[in-house]
Structures are given as C-alpha cells and as structure tokens.
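Okay, here we've got a single chain as structure tokens, the form predicted alone, with questions on binding and movement later.
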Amino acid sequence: MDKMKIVFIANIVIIIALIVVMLSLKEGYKEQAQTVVRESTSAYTAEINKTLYAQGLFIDEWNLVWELVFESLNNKDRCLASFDKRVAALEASYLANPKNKAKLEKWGLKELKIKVDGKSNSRTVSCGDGCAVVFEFAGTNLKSVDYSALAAVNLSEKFKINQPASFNFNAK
C-alpha cells in the first residue's frame, strides 16, 4: 500500500509539473505566433502601399499624357509652340485642382511634370518604363502622333500585387 501511495503522489507531481511546463510553453508559442503575424502583415501592407503609390502616380501621369494626345490631335492650332503651351497648361490645370494638390502632398511631391524630350522636329513624352509617345512635326505643324506604346500599357500586369508569404512560425 505504501508503494501505491508513493507512485500515486509521484504521478500527481509529474502531472502538475507537465501542466506548468505546458502553460509556460503555450504563452511562448502564442507570443511567437503574434510576432510573426504582426511582422508579416506589416511587411505586406508596406509592399501594397508602395505599389498603390506607384500606381496612383503612374495613372495621373498617364491621364495627362492621354489628354495631351487628345488635345494635340483635335486642336486646330497644331504648331510646335502651341504644343509646348499645351503641356504647360495641362500641368497647371492639374495643380489647380485641390484634390490633385492634396494627393501630391500626401505623396510628398510638389508638382507633377510631363516628361518631354524635345528635338527640332519632334517631342517625345515619357509615360513610364518602355512607354513613350512621339509627336512628329513637319516644319512647325503636327504631322503624326505615335501613341501605340501608351495604348499597349497593361496596368494589371504593371502593378501586380503578389500573394502574401505564408506565415513561418518557426522563425525567431
């Protein structure tokens, strides 16, 4: 009977020790999981915000370039000097809109410029990586506009957001 009491007491002590160990490990695992989730979520949120910033900036520039193409093709005054004035007028009208100004301030920018490279008889307007619109002038009048690169931009591919990485709870 004494041996049974000793075995019984030893079992109770072992069970209590295991419960204490289990509860202490549970807190550590919970804290580790919360840390991993917090870090992974903040990294993914930062990636999304960076993509949204680039997308918003590109779309505003893209819209200005489309407006420039439309106005250049449909305006009666199609001379080179008129084109340069149109560029400045589009930039000024963009900045005149309070919503656009607030958006630029949020992005940390003071203005949004149309990127124009000029030669004597042509103007090339950049609209991102590998995208340019070429305005050709014959003398001083607009001869042609090549906006095929602008029309071929695939925004969903350009600003694709990948799935978040799976949680790795073994990380330290």
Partner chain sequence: MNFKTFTILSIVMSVVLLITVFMQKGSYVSQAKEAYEKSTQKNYSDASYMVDAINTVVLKNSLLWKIACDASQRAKNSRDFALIEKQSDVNKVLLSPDTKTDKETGYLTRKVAWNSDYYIVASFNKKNSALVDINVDALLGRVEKSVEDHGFSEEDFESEEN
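Positions refer to the first chain, counted from 1. This one's a predicted model, so the numbers in the text were calculated from it and none came from an experiment. Take the two forms, find the largest set of C-alpha atoms that superpose within 1.5 Å, and that set is the rigid core.
The same protein has a further form, the form predicted in complex with the partner chain, not shown here; the description that follows concerns it.
- Among residues of the shown chain, residue 147 is one whose heavy atoms approach the partner chain to within 4.5 Å in the predicted complex.
- For the chain shown alone, residue 137 is not a contact residue for the partner chain in the predicted complex, no non-hydrogen atom being within 4.5 angstroms.
- Under a 4.5 angstroms non-hydrogen atom cutoff, the partner chain in the predicted complex lacks residue 124 among its neighbouring residues.
- The partner chain is not drawn, but in the predicted complex it has no heavy atom within 4.5 Å of residue 141.
- In summary, among the residues 30, 113, 119, 110, the only one with a non-hydrogen atom within 4.5 Å of the partner chain in the predicted complex is 30.
- For the candidate set 88, 73, 79, 95, a heavy atom within 4.5 Å of the partner chain in the predicted complex is found for exactly one residue, namely 73.
- Applying a 4.5 Å heavy atom cutoff to the partner chain in the predicted complex picks out 147, 150, 151, 153, 154, 155, 156, 159, 160, 161, 162, 163, 164, 165, 166, 167 from 143-167, in order along the sequence.
- Fitting the two forms on the rigid core leaves the C-alpha of residue 70 displaced by under 2 angstroms between the shown form and the other one.
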